[in-house]
Each structure stands twice: as structure tokens, then as C-alpha cells.
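This document opens with one chain alone, in C-alpha cells, the form predicted alone.
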Amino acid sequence: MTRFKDQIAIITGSASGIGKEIALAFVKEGATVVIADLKMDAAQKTADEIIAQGGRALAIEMDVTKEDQVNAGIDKVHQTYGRIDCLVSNAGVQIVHPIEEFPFDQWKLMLAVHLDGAFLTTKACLKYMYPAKSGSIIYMGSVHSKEASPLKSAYVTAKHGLLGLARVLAKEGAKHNVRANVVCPGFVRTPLVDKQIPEQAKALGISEDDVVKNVMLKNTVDGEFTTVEDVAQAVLFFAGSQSKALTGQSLIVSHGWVME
């Protein structure tokens, strides 16, 4: 299929996990993908895998909290391809603490990666999307864009913030034919989530099995994790929409954990 033939999609944090799956999904649909990641060797490895399978990919080293690095990376993409069609702001980290014990430097890091990163990459891409009168920006939100959980004050704050950024961009970008939307996954079994399980078990004083069954998946309709493929298909749904009506929206992909 070639839904995104000749299009350029930048995915941050895409050397592994959800970001990598999103990149692979774009490639299957004909897009050229930019693997933007904090670790250049990991980004290059993923890009090489895609190229070896007949796809088109470019690796970029990018710390999304560093304005100069973001601008240089986005400029390189445009210089290389002459266009930027889609940005998927996916880079993220997770740190858990009770609010009263949350180290301020870790709070600032969480907000910097999720919110500053989304803002900086958006701003850098709009420089090219606005003159082209075309573009789609998709933020990786979370069920925690809608709900709260103990120990996740910084993460919940950041993910709620992405809804606001997307909605403002939807209003500002409309006259330039640039759309903005948010995908909100439930728990996806990635290394990030695997790392949280023992951390939450220790913090909550319960077993790791209880964390999975009674914390992470308690409110799903079927007790199942969301898959990386589920998330990737939701991203492609927003990116591939031909409707100008589909902007400023959020799509929850959570096995019914949150319904609205």
C-alpha cells in the first residue's frame, strides 16, 4: 500500500519501542521516515534495518530538549528531502515518585522531554509546513492525558499539556492547512512499562503481578495491554486523514480503560 508515497515523516524517539513501530508502519505505507533519537547509534541501526528491507530512512541524533539540536535536525531533513509532511512527537521518559518526594530536577526533566520536546520540534517543523500549506502533527499522549494515577504527577501533567498544545496548534495551523491531533494509548508493554512494574510494586508495597492486574490493566474491558501496532495504526489514521475536520482531537487506544 502507498497511502504515504513520497511523504516524509519524522518520528522522535523512534529507535525502539512505540516510535520504531510507528516508523515501520509508515514505511509499509510508502513513506520515507526520519528516525530521530537521543542515541545516534540506535537511530542508525533502526534506519539501516529499514533500508535493508527496501524502505527509505534517515537517522538523526536529536535531544528534543535542546533547541539548537532540534532545529539543526529538522533543517537537515528539509535540506535532504525538500519537504516535511508529518511530525510524530513520540520521545518520552517515565519517572515515578509521590509528589512530596519528587525531585525537582526530575520533574523538570519530565516536562522538558514531553512538553519542551513537543514544542521545539513543532516550532521547527512549522517553519516548513506553513509555507508548504500542508502538514500533520501528532503528539503521543496517553490515557494519562485524560486520567490521573498515583506517583505520576509529572507524567500526567505533561500528557495533559499536550492536549492543550494540540488544540492551540489546530486553531493557529488551520489557515496553513496544518492539522494537530493526539494519540492516547493505554499501557503498552514496552521497556518503559516493564521498568515501571517493579518501581510501582516497591512504591505501592504490592507484587509485580498485582501492579499489572490491579493497577495497569484493572480498568480495561479485557485485561489486555495495548499493542505497539494498535498505537501505530491510530497514528496513521490521523496522519492519513484527508479531512480538515479531523484536527484538535484525541483518540484513546486503551482497551476501554478510558471511554469518552
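The first residue of the shown sequence is 1; numbering continues from there. Since the model is a prediction, treat every value here as computed from it, not as a measurement.
Just so you know, the form predicted in complex with a small molecule exists too; it's not on screen, but the next bit is about it.
**Q** Is E199 part of the interface with the small molecule in the predicted bound form - any heavy atom within 4.5 Å?
**A** Residue-level check for E199: no, no contact with the small molecule.
**Q** Report yes if any heavy atom of R179 sits within 4.5 Å of a heavy atom of the small molecule in the predicted bound form; otherwise report no.
**A** No, R179 is distant from the partner.
**Q** A31 near the small molecule in the predicted bound form, any heavy atom under 4.5 Å?
**A** A31: no, not in contact with the small molecule in the predicted bound form.
**Q** Against the small molecule in the predicted bound form, would Q249 count as a contact residue? Criterion: heavy atoms within 4.5 Å.
**A** Q249: no, not in contact with the small molecule in the predicted bound form.
**Q** Of these, T220, T65, Q44, T227, which has a heavy atom no more than 4.5 Å from the small molecule in the predicted bound form?
**A** Going through each option in turn, the one that passes is T65.
**Q** Among V211, L192, I50, A234, which has at least one heavy atom within 4.5 Å of the small molecule in the predicted bound form?
**A** When the small molecule is considered in the predicted bound form, the option within 4.5 Å is L192.
**Q** Each of S16, A91 and V113 within 4.5 Å of the small molecule in the predicted bound form, by any heavy atom, yes or no?
**A** Every residue of the candidate spot has a heavy atom within 4.5 Å of the small molecule in the predicted bound form.
**Q** Hey, of 139-147, 169-177, 80-88, 123-131, which bit sits against the small molecule in the predicted bound form at 4.5 Å between non-hydrogen atoms?
**A** Partner-contacting stretch among the options: 139-147.
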